[in-house]
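Next comes just one chain, in structure tokens: the form predicted on its own.
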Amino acid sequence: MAINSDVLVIGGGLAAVTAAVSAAREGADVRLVSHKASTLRQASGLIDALGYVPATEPAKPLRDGPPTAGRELDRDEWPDPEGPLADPFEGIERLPESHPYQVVGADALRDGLALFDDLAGDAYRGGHTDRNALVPTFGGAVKPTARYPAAAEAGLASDERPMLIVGFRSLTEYDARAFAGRLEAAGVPFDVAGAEVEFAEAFRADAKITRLAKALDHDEDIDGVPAREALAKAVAPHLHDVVDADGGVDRVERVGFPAFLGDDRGDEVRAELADRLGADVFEVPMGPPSLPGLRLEDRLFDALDAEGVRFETGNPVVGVESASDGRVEAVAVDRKGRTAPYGADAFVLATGGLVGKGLDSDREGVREPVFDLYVDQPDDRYEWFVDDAFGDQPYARFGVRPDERCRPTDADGEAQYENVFAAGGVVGGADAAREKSASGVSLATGLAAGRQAATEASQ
């Protein structure tokens, strides 16, 4: 016997949570099934809407034929992406017609961001305006983003107060001096210095970031000194490291750390450090392992509970169990080696793109493995990419192509199933990495797909 619900959402990332909550708020009985841990924990925790509009045509015409690897296209022939955009909504009209924002409309992005604000509450900033903020990341970039953790607020690049970036000698991947140098090279409007201090040496060499966060959460003793006090004492001698343009020495007014200043008690840790240092304290978003991503995941899955969405992880959906008259009746879920049918009136596919394994690829092509949906792609594999790593890579836009109701279409543009909807990275048409649009696409398509699925189920 099938396990039934009005709407079944397949996936566990931002798009899936958005779709599930959106459908639940329309009155649907919703279940969410995901295979692996959410990709949220691998992300920086920033919510990008649209930071750049990349060129889709080279500045000079290509030689004969489509963009193809091996043509040795001169990368200088490609114009730089337009941006960073101050207003993400202003750039939408210049995106390709097949872009998800063009399909679901700018209002879906606006409503998706509003839903995120509601779910994230006071843990996030940026909801007071449609404009992007510029947030430094430990990759050395100043990133345009629509929403950012409250813990990163004091580090905005538009703030002109002098800044100190702190790294740790035993954590070589966080090179504070190099980071400060990259910020200066980017032309930020403030003086900045980087300093490596001794603190993490008190922990095992292979200690995880979460271990350091827990030590600060609980203010554990380090050689007889509480962890927060020990960290403040290590940083204090560097508060005058910033040298201004005239050679003078400034006392910094804000201090940035890698994003591990506590897990459950981050606000408390930052407040105590700020008090001890006499400066605002902020976290710099970073790649995995990402505490901001883990915190966001916790908050969003708490929201699923609050909305009455039932969810389960570790069980992959392996295919369609039954379908008739152009509608899917049930999918097959692998539950520890035995498949079980999960039925629903409507389904939302939010399994991610090539990176998230929502799309499979091999020498034969790219395919969507759950519903076997059509994925638009060139027949010649050498047309999947171009030589210029920073050029318009065709593979970046691979994915299912939805209609105006977010239903994936076939090669003729017709909906493949009446009651299947798609959201997030599995939807093609966006070059999310170059656009800085991944979260926004997830929110916009997740909201649209969730609402459409709820409507379908109600009928």
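Since this is a predicted model, take the numbers as computed values, not measurements. Residue numbers here begin at 1 and follow the sequence given.
Missing here is the form predicted together with a small molecule; even so, the following discussion is about that form.
For the chain shown alone, Gly399 is not a contact residue for the small molecule in the model of the complex, no non-hydrogen atom being within 4.5 angstroms.
Contact between Asn315 and the small molecule in the model of the complex is found at the 4.5 Å heavy atom cutoff. Within this chain, Ala24 is remote from the site of the small molecule in the model of the complex, having no heavy atom within 4.5 Å. The shortest heavy atom separation between Ala37 and the small molecule in the model of the complex is within 4.5 Å.
Checking Ala108, Val328, Leu273, Val370 for any heavy atom within 4.5 Å of the small molecule in the model of the complex turns up a single hit: Val370. Picking from 167 to 175, 109 to 117, 245 to 253, 316 to 324 the stretch near the small molecule in the model of the complex, with a 4.5 Å limit on heavy atoms, gives 316 to 324.
When contacts are defined as a non-hydrogen atom within 4.5 Å, all of Gly11, Ala438 and Ser442 contact the small molecule in the model of the complex.
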